[in-house]
Ligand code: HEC
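Only one chain is shown below, in structure tokens, and it's the form predicted alone.
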Amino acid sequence: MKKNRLALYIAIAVFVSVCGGIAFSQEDIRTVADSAFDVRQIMRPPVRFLHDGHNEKAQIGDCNVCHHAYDEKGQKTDDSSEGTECSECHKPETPENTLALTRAYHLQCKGCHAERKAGPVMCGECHVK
């Protein structure tokens, strides 16, 4: 009798663990990271957020709002930089006429949040340990 009860408890624990993990998994989590950031240099963890959920809530329909592209004349409104790391243009050190990488991320994300008066603006609100 005790063996049956123990087997039942184990089966329930396994079921809850598996189903609970599936129910609470977030497959769409993206990590805002860039290969230019050396793991040892990161003072705070990378920002994680639901890309599609964020854009839906913020009513962002055009990719180039965040994934901007520039040429010698300025920002190209009909093009985006999807699939390109920010560090391809924004280096950790500041080249001429380009924002440094960390500053570019902060202005893009935090600047939009402040402008819209929505979303996190404090370091620990985005860089959650």
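This structure is a prediction, so every number in the text was calculated from the model and none was measured. Throughout, we count residues from 1 along the sequence that is shown. Think of the rigid core as the biggest set of C-alphas that the two forms share within 1.5 Å after superposition.
There is also a form predicted in complex with the named molecule; it is not shown, and the following applies to it.
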item: 4.5 Å heavy atom contact, H67 to the named molecule in the predicted complex; value: yes
item: Residue contact check: E82 to the named molecule in the predicted complex, 4.5 Å heavy atom; value: yes
item: Contact of K91 with the named molecule in the predicted complex (heavy atom, 4.5 Å); value: no
item: Residues in 103-129 close to the named molecule in the predicted complex, defined by a heavy atom within 4.5 Å, in order; value: A104, Y105, H106, L107, Q108, C109, K110, C112, H113, R116, A118, G119, P120, V121, M122, C123, C126, H127
item: Rigid-core frame, C-alpha of H67, shift of 2 angstroms or more between the shown form and the other one; value: no
item: Residue shift check between the shown form and the other one, rigid core fit, R103 Cα at least 2 Å; value: no
